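Consider the single chain below, provided in C-alpha cells and representing the form predicted alone.
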C-alpha cells in the first residue's frame, strides 16, 4: 500500500474516502462534519469505535492523540476499509507533541494493521485500499514542515515493512523454514541489502566446541546453524550485538510437550527472526552503529539419538550443563550462540538477546508484554524508555541473590532448569548470564518475548499470528542511544 504526503488541505485532496479520527470523543470538532447523523447512529467516538458513512465518503474512528493510540486507530481504519471497495483514502495529521512521532505512528499503524498471512490460502482476500494521501493540515492547526512529514513517512515505511517481513518469517510453517532454510534466507537478505553474512554448519559448530546447540538439534534431520549478519556503516559510533533464539520448531524433545502446546511452535524462531530484522532495519535506516546479529537456529525433535534428561553437555565457554528437561532447549542454543558472538565481536558496546524463552514470562506479564532482564539498571531503563516510545509494551523482572541457587547442579556446573516452579523467566535469564563474559555483564540485556511474539487473537495493530515483537523496540533504542543522543560523538 502506498502512503504519500501531499501539500494540500484535506478538502482539496481527491480520494474515495476520508478517514477522520474523533479525538477524545470531540464530535464538535471542525473535521467532524456529520455530528447530527453520528449521534443518531449512536456513535460516541469511543477508542477504536468506527462508523462508516458510505454515502458521504467518510470513515470516523474514535481515538486519542497518544502516538500508540494513533497507530491503533490507523490500523482500525485500514481494516474497516479492507473489503469496502475503496482504492484511495485521505487523512489529516494528528499531532500531540511531535509531528514526526505521530505521522510515523499513523503510517506504522496503517501498514502493520493491513498485514495478514495468507500465503497458503488457495483464495486470498483482496485488500481494495491501495493508497492513502496524508494532507498538509493538522487537527489542532499546528504547523509542521513537508520535509519532516516525508521523512517520517519514509522511516515508518521501512520499519513497518521490516516488521512485516519478520512476521512473514515467523508465520511460515516448519516444513518450509528449518535451520538450513533460515540460513539461506539470511544470505539472500544479506545480498539484497549489502550485509555481510557467515553461516556455521554442523561440522563447523563441532569445531567451535558448541555442544549445547548440537545436542538440541541432534535428533532432527535438519541440522543446526549459527548465522552471523553484519552491518558496517562508515565511522560507527558503537558496536551492538543482537543474539536471537531460532528454534524453527520445538516439540519439547524427549520431555515432550502436550499436543496442544506444540501448535504454534513455529513461533519459537521469533527471536532469531527479530534479530535478522534489526540488522536489516539498521541498514535501511542508515543508523550510525555497527550491528551484528547472531541467529542460533535448531530444531528440537524426538528420535533415537535425541539428547536426554540426565545428559551433561559442555557449552562453548567450557561450562558443563546438566540437562534436566529437554524442553528448556532455547537457553542451550543461546548459551553457545552468546559465547560465539562475544568471541567474534570482542570489543562490543552492548549485547542484547531476544527469545521466546519462557512460559513463565507470559504467566508473570501477560500475553502483550516483553520481559526485560539484566545487570545494568541504566541499560534496562533505556530499553524500557525505547519500548514506550516505540509503542511496544515491556516491563522489568528483577534479579536477586537467591534465585541463582535454584540452578545449582550436583553433577555439573549448572542445571538447565530451576529446582523451583516459580520465577522461571528470571532463572532462565540467570542461566544465560552464566554465558556472558564478566566485562560484558553491564552491557547485556535479555528480552523475553514469549508473550507478544505470537498471538491467537487479534489486538491493536497486530493480526492473528506473528507480531514482530521486539523489532520496533530495538530500532527505537538504537536511534535514541546513537542517532539522537549527544553522548556518542
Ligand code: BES
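Numbering follows the first chain given and starts at 1. Since the model is a prediction, treat every value here as computed from it, not as a measurement.
There is another form of the same protein, the form predicted in complex with this ligand; it is not shown, and what comes next is about it.
- At the 4.5 Å threshold, heavy atoms of residue 336 stay clear of this ligand in the model of the complex, well away from it.
- Looking at residue 248, you'd find every heavy atom of it more than 4.5 angstroms from this ligand in the model of the complex.
- Among heavy atoms of residue 309, none comes within 4.5 Å of this ligand in the model of the complex.
- Residue contact with this ligand in the model of the complex: residue 151 places no heavy atom within 4.5 Å of it.
- Taking a 4.5 Å heavy atom cutoff to this ligand in the model of the complex, the contact residue among 295, 240, 357, 103 is 357.
- Distance criterion of 4.5 Å from any heavy atom to this ligand in the model of the complex singles out 257 from the list 192, 130, 257, 124.
- No residue of the trio 376, 379 and 481 has any heavy atom within 4.5 Å of this ligand in the model of the complex.
- Contact annotation: this ligand lies within 4.5 Å of heavy atoms from the stretch 262-270 in the model of the complex, the single such stretch among 364-372, 262-270, 114-122, 177-185.
- Along 6-21, not one residue places a heavy atom within 4.5 Å of this ligand in the model of the complex.
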